[in-house]
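Heads up, the chain below is alone and in the form predicted alone; it's given as structure tokens.
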Amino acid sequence: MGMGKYLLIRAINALIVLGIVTLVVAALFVKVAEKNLTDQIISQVNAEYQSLLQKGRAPEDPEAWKQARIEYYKQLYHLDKPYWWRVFYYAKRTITLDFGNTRIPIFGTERNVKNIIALALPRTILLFTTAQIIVIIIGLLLGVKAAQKVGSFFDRALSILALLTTSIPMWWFGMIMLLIFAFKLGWFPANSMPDPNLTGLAHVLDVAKRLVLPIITIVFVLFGGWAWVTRNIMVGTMQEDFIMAARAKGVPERKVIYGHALRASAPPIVTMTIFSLLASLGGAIITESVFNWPGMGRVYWIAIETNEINLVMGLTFINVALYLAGVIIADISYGFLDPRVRVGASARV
């Protein structure tokens, strides 16, 4: 019961944070939206006037007509309202998942923001989440092995490899991979956009082939850091008294490592796992741009480049909501992995 109340409080806090972040984002982008909409209205009114001129139906007083049309569009887009009203209006729309439409079509002809996110998110999951799962598996295996052999050649080699890989910019390594394997050797396609003319097994094989280079790039840059952090967490845990006691009792080393030390180290590793997976859902702007992968990062770049305020707010809201959900999931996981969390929660509530 105590843990349930604790999680309820955390959920309420998360909703409050989500509302505050949405208000801040709305306050930042409303001014930008006002400038863009004003320019758009003026361009649209001028186009309407030119159309009337070509049809021989020009108004008697062009300036008054233009001003009246500008005022009409300002009322239509709520530009006649006070700044604070527009901030709360956009924040309310965003919280109710009414993200609106973009001014220009994305992914061909799609303009609805929710539909654009629904198209981009599975693609990012396919690329970045798949790569992140591979990174976590490799990092855990190498980190645990290095913790077992502290000071050995393997441990020192892993530390050097981790320093090397984490120092390499992902976009630079991606461009090197494209240069060698796509342009020089021609083993893989340079463009990650799937062929829309393929269906069935041919489509699956085509997508898999286009995923090879970006997945290798992400895994190579990230796995060393994951392994080194896991190694350091495990080394600290393996110095605890209960590990010494288990070894003194004659418990097999494999059970000591995986049944005692790894389980005791699980909370921080689970936190890393959850937030790594959540971060992967947002994609990476530069990496997806290098490989021309149509995911969340690529959409973010298009939204910023074209000043698509509705799309930026929709993407930001989804990312913040996912991160806050991850915090709650981490709290639940802690409760199952460490009984002290449940006891602490009960004592506080």
Partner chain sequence: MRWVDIKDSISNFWFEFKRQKTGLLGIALLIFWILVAIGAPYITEPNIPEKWRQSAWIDYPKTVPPTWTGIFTGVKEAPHEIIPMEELQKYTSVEDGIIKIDIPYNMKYDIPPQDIVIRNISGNSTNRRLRPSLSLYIVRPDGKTVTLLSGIKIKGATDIQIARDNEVRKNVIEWVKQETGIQLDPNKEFQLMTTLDTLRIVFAQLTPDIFDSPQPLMGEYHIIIEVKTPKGTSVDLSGTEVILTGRTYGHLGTDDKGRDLFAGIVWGSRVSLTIGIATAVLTVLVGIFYGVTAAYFGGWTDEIMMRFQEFMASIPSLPILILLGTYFGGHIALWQIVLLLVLFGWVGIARVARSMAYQIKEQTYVEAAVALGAGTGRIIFKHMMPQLLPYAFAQMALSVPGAVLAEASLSFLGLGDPTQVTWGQILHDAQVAGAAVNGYWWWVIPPGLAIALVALTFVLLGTALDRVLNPRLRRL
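Numbering follows the first chain given and starts at 1. Since this is a predicted model, take the numbers as computed values, not measurements.
In what follows, reference is made to the form predicted in complex with the partner chain, a form of this protein that is not presented.
message: So the partner chain isn't shown here. In the model of the complex, which residue out of L52, V45, L37, I285 has a non-hydrogen atom within 4.5 Å of it?
response: Contact with the partner chain in the model of the complex is made by I285 alone.
field: is_contact(S167, the partner chain) in the model of the complex, heavy atom dist at most 4.5 Å
entry: Within the cut-off, so yes.
message: If we define contact as a non-hydrogen atom of the residue within 4.5 angstroms of the partner, is W172 a contact of the partner chain in the model of the complex?
response: Yes, W172 lies within 4.5 Å of the partner chain in the model of the complex.
query: Can any non-hydrogen atom of N310 be found within 4.5 angstroms of the partner chain in the model of the complex?
result: Close contact is absent here: in the model of the complex, N310 is far from the partner chain, nothing within 4.5 Å, heavy atoms only.
- request: Decide whether W228 counts as a contact residue for the partner chain in the model of the complex under a heavy atom distance cut-off of 4.5 Å.
  value: Yes.
message: To test your reading of this chain, name the stretch in 242-250, 210-218, 71-79, 175-183 whose heavy atoms come within 4.5 Å of the partner chain in the model of the complex.
response: Of the options, only 175-183 has residues within 4.5 Å of the partner.
- request: At a 4.5 angstroms cut-off on non-hydrogen atoms, which residues of 19-46 are near the partner chain in the model of the complex? List them in order.
  value: I20, V21, V24, V25, L28, F29, K31, V32 sit within 4.5 Å of the partner.
query: Did N36 and G100 drift closer or farther in the model of the complex, going by a CA distance change of 3 angstroms or more?
result: N36 and G100 sit farther apart in the model of the complex.
message: I want to verify one pair: N36 and F99. Are their C-alpha atoms nearer or more distant in the model of the complex compared with the form I supplied, knowing the change is 3 Å or more?
response: More distant in the model of the complex, by 3 Å or more.
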